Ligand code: AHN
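Only one chain is included here, represented as structure tokens and corresponding to the form predicted alone.
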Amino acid sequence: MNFINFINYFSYLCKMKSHHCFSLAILLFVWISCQTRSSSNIEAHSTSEAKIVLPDFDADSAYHFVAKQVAFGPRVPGTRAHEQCANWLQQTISAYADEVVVQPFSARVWNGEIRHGKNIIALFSPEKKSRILLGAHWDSRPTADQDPDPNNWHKPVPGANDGASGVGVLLEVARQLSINRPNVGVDIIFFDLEDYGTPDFADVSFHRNQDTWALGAQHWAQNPHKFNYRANYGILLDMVGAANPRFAKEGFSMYFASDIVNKVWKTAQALGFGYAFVNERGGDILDDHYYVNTLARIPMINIIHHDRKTASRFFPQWHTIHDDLSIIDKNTLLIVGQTVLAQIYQE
């Protein structure tokens, strides 16, 4: 019965005894109240649904960001390519973020020399207390110590997949965050001096200290860009651009943040990417996320390529001079980027 018909029926009954009219008046009040609440619930539900807008990750844009980095040459700290790329990264992400912090630091590398680095940190909705931390390293390795040709061991690595791919994905994520704001705040950190760890050809005595890796993450974890900085959790991207990707559940990620790993893998599988995000545990990989977990005490996971068919357990061109743009696959960038976006926007 619609509202007009109900009123006509009510008027007819009111011509009868008054106690019937009084009873009908109560019934009318209840009916109108129920209809109002029902309408309000529908509107609130619609409004809630309207707030969840999942952007489409643009793989072409991410690929462009990867190619731009590689075009500078190997981004080895202390080189002109490193300086030029740092300036470009800062300028590019400043167009998307609410605030950008550049954190310069100095660190002693494996052979005792001092190298200067820059962590580049972008803040989105810095006023929000609920936050997600995203990270990737932007430097490239100075020594191709895994190259099959020993003559290449002292040459720098182009770092297309190992470094540039994660940064490229996060730059596209940043672009999407600037268009459609999620319900949480997001911080993106480009870590420097991740890949300056002890090379395999060094004297065995140098291999005793594993802390020669992820120097930028170590510095940030002990000196965050904001006092008492906290995030709900973090996601690190490393080697996320090669074809035929296989992302196993990395060991340290499972130890420190298994609930986050399982949540992200479930999101990826719901998107149809289960062929890449496999339900298998991988090895323990010393990467930037390890120090974010152990020093900053923020649960951070690592999405990283894990290949059981290679001796290194990484992609075939890892730490060789062949880690160049030719091995970057747009579809891999897409599945990682879309997974990260979906995870952010469903929070």
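The first residue of the sequence shown is number 1, and the count goes up from there. For clarity, every value in this text was computed on a predicted model and none was experimentally measured.
Just so you know, the form predicted together with the ligand exists too; it's not on screen, but the next bit is about it.
Enquirer: Which is the contacting stretch out of 120-128, 233-241, 271-279, 180-188, given heavy atoms within 4.5 Å of the ligand in the model of the complex?
Expert: Among the listed stretches, the partner-contacting one is 233-241.
Enquirer: Would you please decide whether L286 lies within 4.5 angstroms of the ligand in the model of the complex, comparing each non-hydrogen atom pair?
Expert: Close contact exists here: in the model of the complex, L286 approaches the ligand to within 4.5 Å, heavy atoms only.
Enquirer: Can you tell me if F314 lies within 4.5 angstroms of the ligand in the model of the complex, counting non-hydrogen atoms only?
Expert: Result yes; F314 sits at the interface with the ligand in the model of the complex.
Enquirer: Is H306 near the ligand? Define near as a heavy atom within 4.5 Å, in the model of the complex.
Expert: Although the ligand is absent here, H306 would stay clear of it in the model of the complex, with no heavy atoms inside 4.5 Å.
Enquirer: Any chance D195 has a heavy atom within 4.5 Å of the ligand in the model of the complex?
Expert: Looking in the model of the complex, residue contacts with the ligand include D195, since a heavy atom lies within 4.5 Å.
Enquirer: Taking 4.5 Å between heavy atoms as the contact cutoff, choose which of F57, Y291, W318, F65 touches the ligand in the model of the complex.
Expert: Checking each option against the ligand in the model of the complex, the one that comes within 4.5 Å is W318.
Enquirer: Can you tell me which residues in 154-181 come within 4.5 angstroms of the ligand in the model of the complex, by heavy atoms?
Expert: Only a single residue, D162, comes within 4.5 Å of the partner.
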